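First, one chain by itself: the form predicted on its own, in structure tokens.
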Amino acid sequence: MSERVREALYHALLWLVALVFFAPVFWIALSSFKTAPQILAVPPILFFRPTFANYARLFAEPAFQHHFFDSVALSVLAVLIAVAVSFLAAFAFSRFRPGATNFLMFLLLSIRMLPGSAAILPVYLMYVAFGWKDSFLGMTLFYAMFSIPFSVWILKGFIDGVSPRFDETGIVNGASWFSIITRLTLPQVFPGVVAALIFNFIFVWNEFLFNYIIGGINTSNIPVMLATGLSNGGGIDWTFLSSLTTVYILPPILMVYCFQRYLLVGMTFGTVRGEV
């Protein structure tokens, strides 16, 4: 078998796998343009006249506007806070290496890997005691706290790949640590920062358990709306489910598509640069 044929077969296999994984997303998006009888039809209807009534009903719903705004605001604010704090922490771990750095890094990651169901009760009791339940600030800080450990791991790997000679050069020329961090280190690890932003945005955007338990009317996100708004007249409202799901998955898909090159670099946890 020639090299060209093997390459064509390999690409065909990749396309097949991609289409299989994309099929559920395509089907839910296609269903959002159908009526309820068309969605439930057997055999499935592939060719039909699309309707936008599902989206018109969804966007006219005040609850959707409120939940969508909460999802965007919580995700953006929490991720920005988490990445800013994580970048400074990762720089300190990488450059100053305080005592027990390896243990602290392991502790950070182990906390992040703790199942949500194991932590929900103490977090709930703490939030009730502090009066933070259904607080926008409380939910933002919670998501930022949960996003920091993984961000520190990603960013430390990138900062470790930046030669300390850059810091030494900056200090010799009279630069402050703030200038070294923002003008020398940050531009070189920018792909890692973007990767951390994307990973954490997806986590916060999809989080359901903590928002459902310690959130409330003022801080409910779209996953909570999906869970609580499915039933209609004793059955599942499939038109609501399909249209809301389609709108819900668009922001992460667009973000990953626009910044996929940073995301791929971020999955490697940085690269090692040579000394200068």
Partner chain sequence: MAGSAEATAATSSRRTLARGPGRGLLAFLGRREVLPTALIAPVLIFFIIWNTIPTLWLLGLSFYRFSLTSGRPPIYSGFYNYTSILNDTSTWFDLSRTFIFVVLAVGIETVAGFFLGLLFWGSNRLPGRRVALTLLFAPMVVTPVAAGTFWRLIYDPTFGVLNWFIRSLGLPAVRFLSDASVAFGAVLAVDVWMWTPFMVLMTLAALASVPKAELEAAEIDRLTWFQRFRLVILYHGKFILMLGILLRTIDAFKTMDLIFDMTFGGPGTATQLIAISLFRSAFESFNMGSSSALAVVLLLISIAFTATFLYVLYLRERRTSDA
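Quick caveat, the model's predicted, so the values are computed rather than measured. Positions refer to the first chain, counted from 1. We call the rigid core whatever largest set of C-alpha positions still superposes within 1.5 Å between the two forms.
There is also a form predicted in complex with the partner chain; it is not shown, and the following applies to it.
- Using a 4.5 angstroms heavy atom cutoff to the partner chain in the model of the complex, none of Thr51, Phe59 and Leu197 count as contacting.
- Residue contact with the partner chain in the model of the complex: Ser75 places no heavy atom within 4.5 Å of it.
- Within 4.5 Å of some heavy atom of the partner chain in the model of the complex lies at least one heavy atom of Trp238.
- Although the partner is absent here, Tyr55 is not a contact residue: none of its heavy atoms lies within 4.5 angstroms of the partner chain in the model of the complex.
- In the model of the complex, the partner chain lies farther than 4.5 Å from every heavy atom of Leu155.
- In the model of the complex, the partner chain lies within 4.5 angstroms of at least one heavy atom of each of the following residues of 66-92: Ile81, Val85, Ser86, Leu88, Ala89, Phe91, Ala92, in sequence order.
- When two forms of a protein are overlaid on their rigid core, residues whose CA moves 2 Å or more are considered shifted, and Tyr10 is one of them between this form and the one not shown.
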